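Form predicted alone, single chain, as structure tokens, below.
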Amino acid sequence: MTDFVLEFPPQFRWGTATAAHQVEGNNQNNQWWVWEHTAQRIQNGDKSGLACNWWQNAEADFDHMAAMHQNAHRLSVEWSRIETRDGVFDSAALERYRAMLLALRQRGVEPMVTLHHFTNPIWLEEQGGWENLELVVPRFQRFVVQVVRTLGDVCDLWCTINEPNVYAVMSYLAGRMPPGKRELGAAVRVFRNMLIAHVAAYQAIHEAQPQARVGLAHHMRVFQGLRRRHPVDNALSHLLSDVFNNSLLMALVQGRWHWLLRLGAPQSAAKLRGTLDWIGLNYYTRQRVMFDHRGGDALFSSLVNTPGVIMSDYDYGEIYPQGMLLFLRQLASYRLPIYVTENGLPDHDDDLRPGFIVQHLRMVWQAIQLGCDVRGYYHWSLVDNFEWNEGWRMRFGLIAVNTATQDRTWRTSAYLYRDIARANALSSAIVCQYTPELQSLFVA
């Protein structure tokens, strides 16, 4: 094989991503803790419990980041720890987050702080949560101001909300996340309210910290008709993609409500336009779509997997790296800096993850060569963590975690990611060492 070096831009961000509830442990004041302690909600009856013990000892995993030559990490702050009751803020919790951010900085790791990652304080949930526009927008804005004013001297890269589309669908349409509703109207309201709250947060952050870089993490998924020449399958796949992938971008970039979000909208979307300094792409997999006259999973569509493809653990999804390039090129058309804020797969024995990383990073490199302003890649995740309704059975970590002992073990993919980050490149030497089966992808 011809030697090659696919170099990434200087100052490219090599990172990982985590979420507070999934790694901190003992987040007892949010709606997810209540959900976990309700029967038959989580696979195998799992609970987050101590999680990865970050609240007590995140710094130990920060050392792993440094050893892996990471220069960036995306983490979230837990609203329910910081604002324990409506209007009551815990200065000790904010100081713990300060210590964590400083510890990252001391190791040469730039923090990106997410302000909402699926969890709400119990007191907010009891008052209607994200369905209640008049409540949640000013409360979220107040919380954001408190965080930015306190931590703004150690962080200026902010992600307001993680995956508003996923939160709305999973919590209010699919019923798989708290509060477990199955109402299309509620899902639409929540999604719309989250976009309005993002704008309020964006404005508040820039008032408190003019030099801030503010964006959000948007989950995008490839939808394709299962039967290539089936007109209904194809039409439904386009509809799902339009609603799930494009409605957020229409609002925040173009200032227009998607037709589905326009129904009952309390205000015009015009003021939402231009409230992204950057956009984050969370990309995992492709979903095949098949018409189902019984209603299906969504909009008379059954979401299925491509027959015969290799699947990640528990049929989470197929490996489809082409989607990474597809979405990076789409996002680049909006002329915003882009971060890949999440990309990964559950793979307990780590037999698929090395190839997954190489294939997806090849697509990121190709996007950059085509002129896409991609600033960084944050792999999901550094360590195995509590995977929401899937509990502990899905292992996304570059590093394996023994939850009984809190011991850490580097997987092969961790060494691969270390070598890529250290080189700031994909090279023939790295590909040959870790994924020789992929060498043919790099032959001119």
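In case it trips you up, residue 1 is the first one in the sequence shown, and so on. Just so it is clear, the model here is predicted, and its values are computed rather than measured.
Absent from the display: the form predicted together with a small molecule. The rest refers to it.
K.L.:
Under a 4.5 Å heavy atom criterion, is Trp158 part of the interface with the small molecule in the predicted complex?
P.N.:
No - in the predicted complex, heavy atoms of Trp158 and the small molecule never come within 4.5 Å of each other.
K.L.:
Indicate whether the small molecule has at least one heavy atom within 4.5 Å of a heavy atom of Phe396 in the predicted complex.
P.N.:
Yes, Phe396 is a contact residue.
K.L.:
Tell me, yes or no, whether Tyr284 is in contact with the small molecule in the predicted complex, where a contact means a heavy atom of each within 4.5 Å.
P.N.:
Yes, Tyr284 lies within 4.5 Å of the small molecule in the predicted complex.
K.L.:
Hey, in the predicted complex, is Asn162 touching the small molecule, heavy atoms inside 4.5 Å?
P.N.:
Residue-level check for Asn162: yes, a contact with the small molecule.
K.L.:
Thinking of the small molecule in the predicted complex, which stretch from 385-393, 30-38, 52-60, 415-423 has heavy atoms inside 4.5 Å of it?
P.N.:
Heavy atoms within 4.5 Å of the small molecule in the predicted complex occur in 385-393.
K.L.:
In the predicted complex, does every one of Gln22, Phe118 and Glu342 come within 4.5 Å of the small molecule, counting any heavy atom?
P.N.:
All three within 4.5 Å in the predicted complex.
K.L.:
May I ask you to choose, among Arg362, Arg96, His258, His219, the residue with a heavy atom within 4.5 Å of the small molecule in the predicted complex?
P.N.:
For this set of options, the contacting one is His219.
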